[in-house]
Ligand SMILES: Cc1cc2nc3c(=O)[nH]c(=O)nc-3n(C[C@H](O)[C@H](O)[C@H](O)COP(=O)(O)OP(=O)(O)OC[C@H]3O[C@@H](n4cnc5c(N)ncnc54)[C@H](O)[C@@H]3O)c2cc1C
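The chain below stands alone and is given in structure tokens; this is the form predicted on its own.
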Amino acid sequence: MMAAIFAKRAAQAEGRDPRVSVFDGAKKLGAKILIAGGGRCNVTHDVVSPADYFGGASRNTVKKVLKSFSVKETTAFFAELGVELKREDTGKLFPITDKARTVLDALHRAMSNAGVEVLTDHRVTNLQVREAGDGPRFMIQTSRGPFTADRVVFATGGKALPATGSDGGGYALLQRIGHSVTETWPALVPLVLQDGHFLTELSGIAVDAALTLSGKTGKALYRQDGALLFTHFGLSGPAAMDMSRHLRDYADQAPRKLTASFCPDLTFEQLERVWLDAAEQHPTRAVGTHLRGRLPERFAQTVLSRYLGVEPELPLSRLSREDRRALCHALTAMPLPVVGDRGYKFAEVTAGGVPMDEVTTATMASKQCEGLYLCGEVLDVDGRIGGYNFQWAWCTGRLAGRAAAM
């Protein structure tokens, strides 16, 4: 949608009005927008930097793309479309209506006002490239018949949330043209714990945590802070979903270990000191009561009784050194036996894709095929949770659309 809008705008600014058509296999355009951010659409983040993105692209490459359409410019663009954004405490920017439909409708209006032709229920099944010469360069085969075009922008997404239409079909089309596709896997996806793990009994409880992925030498490879949500199958929430792509990213570091700290502001030694001081100052206070001061009651009770075998009503003065240290270890480095993830069906984005060195950064033009442009999730760049992947879509879509029209 961004590519189409800006293709039309760029051409019209020069006094031209080329035909710009959007092909989509779905019956309605923009399903991912409607389900993003719990149905509110996290349009972008107030601060976006190359450090928020992963994949095969260099930080400098990502920086150039992000610089082409800043958060301030993005906010102004949506305001122009009638979508005012509000900042939440996390830094995420949402429409003030708290409705994703507001964002989608605005983009549809912008396309309509620019004169973009939207052809839904037109799944692209093949793209043929003609040799240089007279006539259109591309033959686009769709489920509704063939079309021709002088320029083509590929915005087919990855494999995440296939029910919305992004089933990875675009990768095969690009490979036929000569592009390569790196290994892909689900990113921003909930994690599955060993069957019967006690944390699955805490479904619905969310806590602030720091997840740390360590390699075979014990060295920390990646740390992710944020809210952690316990579910019937394992772990979800921003911390778990942000960590998910790195579990596969560091596959060569096996055996790896994922641990959680539920006191992310304290080290083991500092937390043990807190418990020693508490035992001295409040010797008759129950262990469970003291732990509930920091963590949700059901979580505290379950960790003590199910994980450590410590009676929650035990007075602090009677907590043995061994149990105290086991508790501090559990609260600062609890092992999380992750056995997998929930797959593309529940992933918000795809890791991997077409390498960025196969496109020209300033225009998103393909280096393999003249007249072809790539944008969005089909590229080997994925961002953290919180609006970063939408910002990548806005930036790359705008670059591709403008360049194609010019």
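Only a predicted model underlies this, so the values are computations on that prediction, with no experimental measurement involved. All residue numbers refer to positions in the sequence shown, first residue = 1.
Just so it is clear, the following notes concern the form predicted in complex with the named molecule, a form of the same protein that is not shown.
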| item | value |
| --- | --- |
| The named molecule in the model of the complex: contacting segment from 275-283, 206-214, 157-165, 290-298, heavy atom within 4.5 Å | 157-165 |
| Residue among A347, M364, V65, A351 with a heavy atom within 4.5 Å of the named molecule in the model of the complex | A347 |
| C263: touches the named molecule in the model of the complex, heavy atom cutoff 4.5 angstroms | no |
| In the model of the complex, L173 touching the named molecule (heavy atom, 4.5 Å) | yes |
| Contact label in the model of the complex: G25 to the named molecule, heavy atom within 4.5 Å | yes |
| Contact of E377 with the named molecule in the model of the complex (heavy atom, 4.5 Å) | yes |
| Contacts with the named molecule in the model of the complex, stretch 99-128 (heavy atom within 4.5 Å) | H122, R123, V124 |
